[in-house]
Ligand code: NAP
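As C-alpha coordinates, one chain now follows by itself in the form predicted on its own.
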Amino acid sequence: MQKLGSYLAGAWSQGAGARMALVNPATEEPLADVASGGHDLAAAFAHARETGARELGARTFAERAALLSALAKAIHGAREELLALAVANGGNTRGDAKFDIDGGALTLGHYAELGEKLGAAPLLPDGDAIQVGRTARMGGQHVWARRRGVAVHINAFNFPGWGLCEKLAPALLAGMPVIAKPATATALVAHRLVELFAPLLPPGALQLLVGPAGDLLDHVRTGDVVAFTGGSATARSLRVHPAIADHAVRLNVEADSLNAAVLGPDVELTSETGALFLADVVRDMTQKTGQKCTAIRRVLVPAAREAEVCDALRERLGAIVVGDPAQDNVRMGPVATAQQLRDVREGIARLAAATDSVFGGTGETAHAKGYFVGPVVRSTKTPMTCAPLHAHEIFGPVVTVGIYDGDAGEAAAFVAKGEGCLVSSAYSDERDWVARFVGGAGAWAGRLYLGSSKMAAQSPGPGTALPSLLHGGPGRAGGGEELGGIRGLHGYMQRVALEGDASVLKSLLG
(Lines give C-alpha, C1' and ligand atoms only; values in the text may rest on other atoms or scores of the structure.)
Protein backbone atom coordinates (compact mmCIF):
# COMPACT_ATOMS: atom_id res chain seq x y z
CA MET A 1 0.00 0.00 0.00
CA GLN A 2 1.34 3.42 -0.97
CA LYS A 3 2.45 5.76 1.80
CA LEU A 4 1.72 9.37 0.90
CA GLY A 5 4.19 11.99 2.02
CA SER A 6 3.95 15.77 2.21
CA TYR A 7 6.24 18.06 0.23
CA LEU A 8 7.42 20.75 2.64
CA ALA A 9 10.49 23.00 2.80
CA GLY A 10 11.86 21.44 -0.36
CA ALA A 11 11.70 17.79 0.69
CA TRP A 12 9.24 14.91 0.92
CA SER A 13 8.32 13.92 4.48
CA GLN A 14 6.28 10.98 5.76
CA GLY A 15 5.34 12.78 8.98
CA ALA A 16 4.57 10.90 12.16
CA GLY A 17 1.70 9.55 14.24
CA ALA A 18 -1.15 7.23 13.42
CA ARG A 19 -1.72 6.41 9.75
CA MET A 20 -5.01 7.26 8.00
CA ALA A 21 -6.24 5.15 5.09
CA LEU A 22 -7.39 6.33 1.67
CA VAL A 23 -9.81 3.88 0.06
CA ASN A 24 -11.53 3.05 -3.20
CA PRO A 25 -15.10 4.26 -2.53
CA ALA A 26 -16.57 1.65 -4.88
CA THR A 27 -14.94 -1.35 -3.18
CA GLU A 28 -13.77 0.09 0.18
CA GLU A 29 -10.33 -1.37 -0.60
CA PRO A 30 -7.42 0.56 1.03
CA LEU A 31 -5.23 2.27 -1.57
CA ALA A 32 -2.78 4.33 0.48
CA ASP A 33 -2.25 5.83 3.90
CA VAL A 34 -0.96 9.09 5.30
CA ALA A 35 0.44 10.25 8.64
CA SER A 36 -1.83 12.18 10.99
CA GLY A 37 0.86 14.77 11.82
CA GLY A 38 4.52 15.28 12.55
CA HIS A 39 5.28 18.08 10.05
CA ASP A 40 7.26 21.28 10.72
CA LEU A 41 4.82 23.79 9.27
CA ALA A 42 6.70 26.79 10.65
CA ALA A 43 9.63 25.74 8.48
CA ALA A 44 7.31 25.36 5.50
CA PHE A 45 6.06 28.93 5.86
CA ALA A 46 9.60 30.23 6.31
CA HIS A 47 10.65 28.40 3.13
CA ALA A 48 7.76 29.95 1.22
CA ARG A 49 8.39 33.48 2.53
CA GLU A 50 12.16 33.50 2.22
CA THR A 51 12.73 31.36 -0.87
CA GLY A 52 9.48 30.95 -2.78
CA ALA A 53 8.50 34.62 -2.70
CA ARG A 54 11.99 35.69 -3.78
CA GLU A 55 12.14 33.20 -6.64
CA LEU A 56 8.71 34.08 -7.99
CA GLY A 57 9.19 37.80 -7.44
CA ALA A 58 12.33 37.76 -9.55
CA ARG A 59 10.30 36.57 -12.54
CA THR A 60 8.00 38.59 -14.81
CA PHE A 61 4.40 37.66 -15.53
CA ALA A 62 5.54 36.13 -18.80
CA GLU A 63 8.20 34.04 -17.08
CA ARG A 64 5.74 32.81 -14.46
CA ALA A 65 3.32 32.06 -17.32
CA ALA A 66 5.96 29.78 -18.83
CA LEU A 67 6.00 27.84 -15.55
CA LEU A 68 2.24 27.34 -15.76
CA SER A 69 2.52 26.17 -19.34
CA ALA A 70 5.05 23.55 -18.23
CA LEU A 71 2.65 22.34 -15.53
CA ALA A 72 -0.17 21.97 -18.06
CA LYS A 73 2.11 19.93 -20.30
CA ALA A 74 3.05 17.72 -17.35
CA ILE A 75 -0.64 16.92 -16.81
CA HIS A 76 -1.07 15.99 -20.46
CA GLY A 77 1.98 13.75 -20.29
CA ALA A 78 0.67 11.85 -17.26
CA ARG A 79 -3.01 12.04 -18.20
CA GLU A 80 -3.79 8.32 -18.26
CA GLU A 81 -2.11 7.75 -14.91
CA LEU A 82 -4.01 10.65 -13.35
CA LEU A 83 -7.33 9.45 -14.77
CA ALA A 84 -6.74 6.00 -13.28
CA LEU A 85 -6.04 7.52 -9.86
CA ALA A 86 -9.23 9.59 -10.06
CA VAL A 87 -11.29 6.52 -10.93
CA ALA A 88 -9.78 4.45 -8.10
CA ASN A 89 -9.64 7.05 -5.31
CA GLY A 90 -12.49 9.38 -6.26
CA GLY A 91 -15.19 6.98 -7.41
CA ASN A 92 -15.14 8.82 -10.75
CA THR A 93 -16.20 7.36 -14.05
CA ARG A 94 -13.61 7.97 -16.75
CA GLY A 95 -15.72 10.86 -18.03
CA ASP A 96 -15.88 12.38 -14.54
CA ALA A 97 -12.12 11.96 -14.17
CA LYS A 98 -11.54 13.78 -17.47
CA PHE A 99 -13.71 16.64 -16.22
CA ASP A 100 -11.37 17.01 -13.23
CA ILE A 101 -7.95 16.35 -14.77
CA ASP A 102 -8.49 18.06 -18.12
CA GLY A 103 -10.14 20.97 -16.35
CA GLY A 104 -7.00 21.48 -14.31
CA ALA A 105 -4.82 21.52 -17.42
CA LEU A 106 -7.22 23.90 -19.19
CA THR A 107 -7.09 26.34 -16.28
CA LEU A 108 -3.29 26.30 -16.13
CA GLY A 109 -3.18 26.87 -19.88
CA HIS A 110 -5.63 29.77 -19.67
CA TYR A 111 -3.52 31.60 -17.09
CA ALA A 112 -0.35 30.80 -19.00
CA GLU A 113 -1.80 32.58 -22.04
CA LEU A 114 -2.92 35.49 -19.89
CA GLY A 115 0.49 35.86 -18.26
CA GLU A 116 2.25 35.81 -21.62
CA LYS A 117 0.15 38.82 -22.68
CA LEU A 118 0.98 40.68 -19.46
CA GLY A 119 4.65 40.33 -20.30
CA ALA A 120 7.03 42.26 -18.05
CA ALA A 121 4.49 44.74 -16.66
CA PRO A 122 5.61 45.77 -13.15
CA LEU A 123 2.09 46.75 -12.06
CA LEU A 124 -1.41 46.04 -13.38
CA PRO A 125 -3.72 49.03 -13.96
CA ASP A 126 -7.15 49.03 -12.37
CA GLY A 127 -9.16 51.39 -14.53
CA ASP A 128 -8.00 54.57 -16.22
CA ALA A 129 -5.92 57.42 -14.85
CA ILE A 130 -7.95 60.25 -13.36
CA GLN A 131 -7.30 63.95 -12.77
CA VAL A 132 -7.28 64.80 -9.06
CA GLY A 133 -5.75 68.30 -9.15
CA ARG A 134 -6.63 71.65 -10.69
CA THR A 135 -4.84 70.58 -13.88
CA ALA A 136 -4.10 67.31 -15.63
CA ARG A 137 -0.58 67.33 -14.18
CA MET A 138 -1.89 66.02 -10.83
CA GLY A 139 -3.25 62.54 -11.39
CA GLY A 140 -4.44 59.40 -9.70
CA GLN A 141 -4.22 55.79 -10.79
CA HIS A 142 -5.37 52.58 -9.14
CA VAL A 143 -2.98 49.67 -9.66
CA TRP A 144 -2.50 46.09 -8.55
CA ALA A 145 0.87 45.34 -6.92
CA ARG A 146 2.39 41.99 -5.95
CA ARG A 147 1.68 40.88 -2.39
CA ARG A 148 4.55 39.60 -0.26
CA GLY A 149 2.77 36.79 1.55
CA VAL A 150 1.97 33.09 1.23
CA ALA A 151 -1.15 31.61 -0.34
CA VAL A 152 -2.66 28.76 1.68
CA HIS A 153 -5.06 26.65 -0.38
CA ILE A 154 -7.48 24.31 1.40
CA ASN A 155 -9.21 22.22 -1.24
CA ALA A 156 -12.31 20.02 -1.28
CA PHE A 157 -12.52 16.26 -1.86
CA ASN A 158 -14.58 16.37 -5.06
CA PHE A 159 -12.06 17.97 -7.45
CA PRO A 160 -8.53 17.08 -6.30
CA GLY A 161 -7.07 17.90 -9.72
CA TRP A 162 -8.97 20.95 -10.92
CA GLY A 163 -9.28 22.28 -7.37
CA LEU A 164 -5.50 22.33 -6.96
CA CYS A 165 -4.91 23.94 -10.36
CA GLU A 166 -7.67 26.56 -10.29
CA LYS A 167 -6.19 28.10 -7.15
CA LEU A 168 -2.55 27.46 -8.02
CA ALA A 169 -2.60 29.09 -11.47
CA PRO A 170 -3.58 32.66 -10.50
CA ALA A 171 -1.54 32.58 -7.30
CA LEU A 172 1.70 31.59 -9.02
CA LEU A 173 1.06 34.00 -11.89
CA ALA A 174 0.55 36.80 -9.35
CA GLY A 175 3.88 35.85 -7.75
CA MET A 176 2.69 34.25 -4.51
CA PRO A 177 4.14 30.94 -3.24
CA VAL A 178 1.54 28.29 -2.39
CA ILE A 179 1.04 25.77 0.39
CA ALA A 180 -1.72 23.40 -0.78
CA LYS A 181 -3.81 21.26 1.57
CA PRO A 182 -6.01 18.78 -0.34
CA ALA A 183 -8.82 16.82 1.29
CA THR A 184 -7.23 13.69 2.72
CA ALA A 185 -9.77 11.14 1.49
CA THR A 186 -9.13 11.78 -2.22
CA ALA A 187 -5.55 13.10 -2.08
CA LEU A 188 -3.94 10.61 -4.49
CA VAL A 189 -4.47 12.85 -7.53
CA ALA A 190 -3.19 16.02 -5.83
CA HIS A 191 -0.21 14.15 -4.43
CA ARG A 192 0.76 12.86 -7.87
CA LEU A 193 0.30 16.30 -9.42
CA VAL A 194 2.71 17.84 -6.93
CA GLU A 195 5.20 15.06 -7.65
CA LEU A 196 4.99 16.14 -11.30
CA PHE A 197 4.96 19.88 -10.63
CA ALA A 198 7.67 20.27 -7.98
CA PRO A 199 10.68 19.65 -10.27
CA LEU A 200 9.28 22.20 -12.77
CA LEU A 201 8.89 25.08 -10.30
CA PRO A 202 11.45 27.24 -8.49
CA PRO A 203 12.24 26.32 -4.85
CA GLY A 204 9.50 27.26 -2.39
CA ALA A 205 6.90 28.04 -5.04
CA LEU A 206 4.67 25.04 -4.20
CA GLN A 207 4.40 22.91 -1.10
CA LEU A 208 1.90 20.17 -0.21
CA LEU A 209 0.46 19.09 3.13
CA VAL A 210 -1.36 15.75 2.97
CA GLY A 211 -3.36 14.67 6.02
CA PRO A 212 -4.86 16.74 8.86
CA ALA A 213 -4.22 20.49 8.76
CA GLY A 214 -2.85 20.56 12.31
CA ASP A 215 -1.57 24.05 13.16
CA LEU A 216 -1.35 25.13 9.51
CA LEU A 217 -3.34 28.31 9.95
CA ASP A 218 -1.57 29.34 13.14
CA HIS A 219 1.34 30.44 10.93
CA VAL A 220 -0.49 32.88 8.63
CA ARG A 221 0.14 36.60 9.00
CA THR A 222 -0.50 39.96 7.34
CA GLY A 223 -0.14 39.76 3.58
CA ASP A 224 -1.07 36.09 3.33
CA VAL A 225 -4.13 34.73 1.53
CA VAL A 226 -6.21 31.75 2.63
CA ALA A 227 -8.47 30.27 -0.06
CA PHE A 228 -10.91 27.63 1.18
CA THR A 229 -13.36 25.34 -0.62
CA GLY A 230 -15.59 23.18 1.54
CA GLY A 231 -18.52 23.14 3.94
CA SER A 232 -20.06 26.19 5.58
CA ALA A 233 -19.38 24.91 9.12
CA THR A 234 -15.63 24.82 8.48
CA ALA A 235 -15.85 28.20 6.76
CA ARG A 236 -17.38 29.73 9.90
CA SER A 237 -14.50 28.43 12.00
CA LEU A 238 -11.96 29.89 9.59
CA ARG A 239 -13.53 33.33 9.77
CA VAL A 240 -12.92 33.49 13.51
CA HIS A 241 -9.53 31.75 13.53
CA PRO A 242 -7.28 33.91 15.75
CA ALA A 243 -4.41 34.20 13.28
CA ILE A 244 -6.73 35.12 10.40
CA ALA A 245 -8.64 37.63 12.51
CA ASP A 246 -5.63 39.16 14.29
CA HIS A 247 -3.63 39.72 11.11
CA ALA A 248 -6.58 40.62 8.85
CA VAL A 249 -5.56 37.79 6.53
CA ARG A 250 -7.44 37.81 3.26
CA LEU A 251 -9.87 34.86 3.29
CA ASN A 252 -11.67 33.62 0.19
CA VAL A 253 -14.44 31.11 0.84
CA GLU A 254 -16.41 28.87 -1.48
CA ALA A 255 -18.96 27.00 0.62
CA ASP A 256 -22.45 25.51 0.18
CA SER A 257 -24.62 26.36 -2.81
CA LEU A 258 -28.26 25.56 -3.54
CA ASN A 259 -28.05 26.17 -7.28
CA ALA A 260 -31.33 26.48 -9.17
CA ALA A 261 -32.46 25.77 -12.74
CA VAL A 262 -35.57 27.56 -14.03
CA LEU A 263 -37.51 26.58 -17.15
CA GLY A 264 -39.04 29.61 -18.83
CA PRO A 265 -42.77 29.62 -19.68
CA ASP A 266 -42.05 29.85 -23.41
CA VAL A 267 -40.02 26.63 -23.64
CA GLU A 268 -41.36 23.38 -25.07
CA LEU A 269 -39.37 20.33 -23.92
CA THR A 270 -39.17 19.16 -27.52
CA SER A 271 -37.38 22.38 -28.51
CA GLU A 272 -33.62 22.88 -28.56
CA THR A 273 -33.83 24.94 -25.38
CA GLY A 274 -35.98 22.33 -23.67
CA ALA A 275 -33.54 19.57 -24.62
CA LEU A 276 -30.67 21.67 -23.21
CA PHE A 277 -32.55 22.10 -19.93
CA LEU A 278 -33.14 18.36 -19.53
CA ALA A 279 -29.56 17.48 -20.50
CA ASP A 280 -28.14 19.97 -18.00
CA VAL A 281 -30.30 18.73 -15.12
CA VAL A 282 -29.46 15.06 -15.73
CA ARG A 283 -25.76 15.78 -16.27
CA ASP A 284 -25.50 17.80 -13.06
CA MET A 285 -27.28 15.08 -11.10
CA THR A 286 -25.06 12.25 -12.31
CA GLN A 287 -21.69 13.80 -13.18
CA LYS A 288 -19.35 13.26 -10.23
CA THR A 289 -22.41 11.61 -8.59
CA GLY A 290 -23.77 15.10 -7.99
CA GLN A 291 -20.68 16.03 -5.98
CA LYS A 292 -20.13 19.37 -7.69
CA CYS A 293 -20.44 22.71 -5.96
CA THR A 294 -22.04 23.97 -9.19
CA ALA A 295 -24.56 21.12 -9.55
CA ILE A 296 -28.27 21.85 -9.93
CA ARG A 297 -30.15 21.13 -6.68
CA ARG A 298 -33.48 22.97 -7.19
CA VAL A 299 -35.57 22.92 -10.38
CA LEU A 300 -38.48 25.27 -11.08
CA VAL A 301 -40.86 24.60 -13.98
CA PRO A 302 -44.20 26.04 -15.11
CA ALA A 303 -47.07 24.10 -13.52
CA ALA A 304 -48.30 23.01 -16.94
CA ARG A 305 -44.92 21.39 -17.65
CA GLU A 306 -44.41 19.53 -14.35
CA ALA A 307 -45.70 16.11 -15.42
CA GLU A 308 -43.81 16.28 -18.72
CA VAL A 309 -40.55 17.26 -17.02
CA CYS A 310 -40.87 14.53 -14.40
CA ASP A 311 -41.61 11.91 -17.05
CA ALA A 312 -38.56 12.99 -19.06
CA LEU A 313 -36.30 12.84 -15.99
CA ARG A 314 -37.59 9.36 -15.10
CA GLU A 315 -36.85 8.10 -18.60
CA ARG A 316 -33.33 9.54 -18.74
CA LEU A 317 -32.30 8.60 -15.21
CA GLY A 318 -33.71 5.11 -15.64
CA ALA A 319 -30.99 4.44 -18.21
CA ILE A 320 -28.16 5.41 -15.83
CA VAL A 321 -26.10 2.42 -14.65
CA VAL A 322 -24.78 2.94 -11.10
CA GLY A 323 -21.78 0.89 -10.00
CA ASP A 324 -18.02 0.51 -9.94
CA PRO A 325 -16.72 3.22 -12.30
CA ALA A 326 -13.89 0.93 -13.40
CA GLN A 327 -16.52 -0.94 -15.44
CA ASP A 328 -17.15 0.46 -18.93
CA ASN A 329 -20.95 0.37 -18.78
CA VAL A 330 -21.22 2.36 -15.53
CA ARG A 331 -22.45 5.95 -15.87
CA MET A 332 -22.41 6.96 -12.20
CA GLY A 333 -20.09 5.84 -9.41
CA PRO A 334 -20.28 6.12 -5.61
CA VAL A 335 -19.93 9.21 -3.46
CA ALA A 336 -16.39 9.74 -2.23
CA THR A 337 -16.50 8.71 1.44
CA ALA A 338 -18.58 6.88 4.01
CA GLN A 339 -19.28 10.20 5.73
CA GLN A 340 -20.50 11.71 2.47
CA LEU A 341 -22.86 8.76 2.06
CA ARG A 342 -24.26 9.30 5.56
CA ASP A 343 -24.69 13.02 4.90
CA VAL A 344 -26.48 12.43 1.59
CA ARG A 345 -28.85 9.85 3.08
CA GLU A 346 -29.66 12.13 6.01
CA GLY A 347 -30.34 14.99 3.60
CA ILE A 348 -32.63 12.87 1.46
CA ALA A 349 -34.54 11.78 4.55
CA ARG A 350 -35.14 15.41 5.58
CA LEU A 351 -36.24 16.29 2.05
CA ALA A 352 -38.48 13.22 1.76
CA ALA A 353 -40.46 14.34 4.81
CA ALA A 354 -41.64 17.44 2.91
CA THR A 355 -41.73 16.30 -0.74
CA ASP A 356 -43.08 13.59 -3.02
CA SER A 357 -41.05 10.92 -4.80
CA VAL A 358 -40.63 11.21 -8.57
CA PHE A 359 -37.71 8.84 -9.14
CA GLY A 360 -35.28 6.84 -7.05
CA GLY A 361 -37.14 6.86 -3.73
CA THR A 362 -34.51 7.74 -1.14
CA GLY A 363 -31.53 6.57 -3.18
CA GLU A 364 -31.42 2.89 -2.26
CA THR A 365 -29.16 0.62 -4.33
CA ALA A 366 -28.42 -3.10 -4.34
CA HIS A 367 -24.69 -2.67 -3.67
CA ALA A 368 -23.51 -4.45 -0.54
CA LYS A 369 -20.15 -2.65 -0.54
CA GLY A 370 -19.08 0.82 -1.51
CA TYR A 371 -20.59 4.25 -0.88
CA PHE A 372 -23.41 4.08 -3.40
CA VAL A 373 -26.57 6.14 -3.64
CA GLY A 374 -28.85 6.20 -6.65
CA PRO A 375 -30.18 9.31 -8.42
CA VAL A 376 -33.18 10.84 -6.66
CA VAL A 377 -35.83 13.25 -7.94
CA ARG A 378 -38.38 14.72 -5.50
CA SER A 379 -41.20 17.18 -6.19
CA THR A 380 -43.21 19.81 -4.35
CA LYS A 381 -46.28 21.86 -5.20
CA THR A 382 -45.18 24.60 -2.78
CA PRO A 383 -41.51 25.29 -3.63
CA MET A 384 -41.41 28.75 -2.08
CA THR A 385 -42.37 27.46 1.36
CA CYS A 386 -40.68 24.03 1.29
CA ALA A 387 -38.13 24.64 4.05
CA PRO A 388 -35.84 21.59 3.51
CA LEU A 389 -35.47 22.53 -0.15
CA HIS A 390 -33.84 25.86 0.70
CA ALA A 391 -32.14 25.03 4.00
CA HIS A 392 -29.55 22.37 3.22
CA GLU A 393 -27.43 21.34 0.24
CA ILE A 394 -27.51 17.60 -0.39
CA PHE A 395 -24.11 16.97 -1.94
CA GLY A 396 -25.14 14.07 -4.12
CA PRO A 397 -27.36 13.05 -7.08
CA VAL A 398 -30.54 14.69 -5.81
CA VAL A 399 -32.84 17.37 -7.26
CA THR A 400 -36.28 18.64 -6.33
CA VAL A 401 -38.77 19.88 -8.92
CA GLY A 402 -41.12 22.71 -7.95
CA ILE A 403 -43.80 24.57 -9.89
CA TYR A 404 -44.51 28.26 -10.56
CA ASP A 405 -46.79 30.37 -12.74
CA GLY A 406 -44.10 31.43 -15.20
CA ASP A 407 -43.47 34.91 -13.81
CA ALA A 408 -39.80 35.99 -14.06
CA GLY A 409 -40.02 37.77 -10.72
CA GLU A 410 -41.22 34.61 -9.01
CA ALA A 411 -38.39 32.68 -10.65
CA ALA A 412 -35.85 35.20 -9.33
CA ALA A 413 -37.40 35.01 -5.86
CA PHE A 414 -37.00 31.22 -5.99
CA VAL A 415 -33.29 31.62 -6.68
CA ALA A 416 -33.07 34.11 -3.81
CA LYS A 417 -34.56 31.58 -1.36
CA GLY A 418 -31.22 29.76 -1.51
CA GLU A 419 -29.60 32.80 0.16
CA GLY A 420 -26.70 32.95 -2.27
CA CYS A 421 -25.38 30.46 -4.83
CA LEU A 422 -22.41 29.85 -7.10
CA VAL A 423 -24.51 29.51 -10.24
CA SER A 424 -28.14 29.36 -11.22
CA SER A 425 -29.58 28.91 -14.67
CA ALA A 426 -32.62 29.99 -16.66
CA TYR A 427 -33.80 28.52 -19.96
CA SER A 428 -35.80 30.80 -22.23
CA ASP A 429 -35.80 32.33 -25.70
CA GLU A 430 -37.83 35.36 -24.58
CA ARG A 431 -35.36 38.18 -24.01
CA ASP A 432 -37.71 40.35 -21.97
CA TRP A 433 -38.39 37.45 -19.58
CA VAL A 434 -34.64 36.79 -19.28
CA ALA A 435 -33.95 40.48 -18.57
CA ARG A 436 -36.51 40.52 -15.75
CA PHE A 437 -35.06 37.30 -14.32
CA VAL A 438 -31.48 38.57 -14.38
CA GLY A 439 -32.53 41.85 -12.78
CA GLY A 440 -34.04 39.98 -9.85
CA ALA A 441 -31.68 37.00 -9.52
CA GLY A 442 -28.36 38.72 -10.17
CA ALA A 443 -27.89 39.77 -6.55
CA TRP A 444 -28.06 36.15 -5.37
CA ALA A 445 -25.65 34.37 -7.72
CA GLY A 446 -21.99 34.47 -8.61
CA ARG A 447 -22.84 33.38 -12.15
CA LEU A 448 -26.09 33.22 -14.11
CA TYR A 449 -26.19 30.72 -16.96
CA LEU A 450 -28.74 31.71 -19.60
CA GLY A 451 -29.72 28.72 -21.72
CA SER A 452 -31.29 29.31 -25.14
CA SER A 453 -31.51 27.85 -28.60
CA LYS A 454 -28.84 30.26 -29.88
CA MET A 455 -26.11 28.92 -27.57
CA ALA A 456 -27.24 25.33 -26.96
CA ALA A 457 -24.83 23.75 -29.44
CA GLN A 458 -21.82 25.40 -27.74
CA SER A 459 -22.93 25.16 -24.12
CA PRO A 460 -20.67 23.47 -21.52
CA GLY A 461 -23.59 23.48 -19.06
CA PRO A 462 -23.99 25.49 -15.86
CA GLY A 463 -21.97 22.96 -13.86
CA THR A 464 -18.73 23.81 -15.66
CA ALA A 465 -16.68 26.55 -14.01
CA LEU A 466 -14.68 28.28 -16.75
CA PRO A 467 -11.34 29.96 -15.99
CA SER A 468 -12.45 33.05 -17.89
CA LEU A 469 -15.54 33.62 -15.70
CA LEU A 470 -15.85 34.25 -11.98
CA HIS A 471 -16.31 31.26 -9.70
CA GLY A 472 -17.79 32.12 -6.32
CA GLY A 473 -20.98 33.57 -4.95
CA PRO A 474 -22.64 35.64 -2.24
CA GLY A 475 -24.19 34.59 1.05
CA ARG A 476 -24.45 30.85 1.63
CA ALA A 477 -21.93 30.28 -1.19
CA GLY A 478 -19.24 31.94 0.91
CA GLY A 479 -18.96 35.46 -0.47
CA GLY A 480 -15.76 34.68 -2.37
CA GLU A 481 -14.51 35.04 -5.93
CA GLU A 482 -11.96 32.99 -7.87
CA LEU A 483 -10.93 32.69 -11.53
CA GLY A 484 -12.58 35.23 -13.85
CA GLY A 485 -9.53 35.68 -16.06
CA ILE A 486 -7.33 38.50 -14.80
CA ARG A 487 -9.70 38.98 -11.84
CA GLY A 488 -8.32 35.73 -10.46
CA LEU A 489 -4.97 37.45 -9.93
CA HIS A 490 -6.53 40.24 -7.91
CA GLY A 491 -7.16 37.95 -4.95
CA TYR A 492 -3.40 37.48 -4.69
CA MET A 493 -2.40 41.11 -5.31
CA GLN A 494 -2.87 44.39 -3.46
CA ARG A 495 -4.84 47.26 -4.96
CA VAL A 496 -3.02 50.56 -4.39
CA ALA A 497 -4.13 54.10 -5.23
CA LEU A 498 -1.21 56.10 -6.66
CA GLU A 499 -1.37 59.90 -6.52
CA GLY A 500 1.16 62.27 -8.03
CA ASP A 501 2.60 63.69 -11.22
CA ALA A 502 0.56 62.19 -14.05
CA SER A 503 3.66 61.54 -16.17
CA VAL A 504 5.29 59.64 -13.31
CA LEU A 505 2.19 57.51 -12.83
CA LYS A 506 2.14 56.71 -16.53
CA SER A 507 5.79 55.66 -16.48
CA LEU A 508 5.19 53.32 -13.53
CA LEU A 509 2.83 51.28 -15.65
CA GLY A 510 5.52 50.72 -18.26
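Just so it is clear, the structure is predicted and the values come from calculations on it, not from any experiment. In case it trips you up, residue 1 is the first one in the sequence shown, and so on.
FYI, the form predicted together with this ligand isn't displayed, but the following is about it.
Between 358-366, 81-89, 411-419, 247-255, the stretch whose residues reach within 4.5 angstroms of this ligand in the predicted bound form through a non-hydrogen atom is 247-255. With the partner removed from view, the residue among 280, 96, 224, 393 that has a non-hydrogen atom within 4.5 Å of this ligand in the predicted bound form turns out to be 393.
Listed residues 269, 105, 403, 238 were compared with this ligand in the predicted bound form; 238 is the one with a heavy atom within 4.5 Å. Although the partner is absent from this view, residue 183 contacts this ligand in the predicted bound form, with a non-hydrogen atom inside 4.5 angstroms. At least one heavy atom of residue 217 is located within 4.5 Å of this ligand in the predicted bound form. Using a 4.5 Å cutoff between non-hydrogen atoms, residue 228 counts as a contact of this ligand in the predicted bound form.
Contact annotation: residue 234 falls within 4.5 Å of this ligand in the predicted bound form, judged by heavy atom distances.
Residues 154, 155, 156, 157, 158 of 132-167 are found to place at least one heavy atom within 4.5 Å of this ligand in the predicted bound form.
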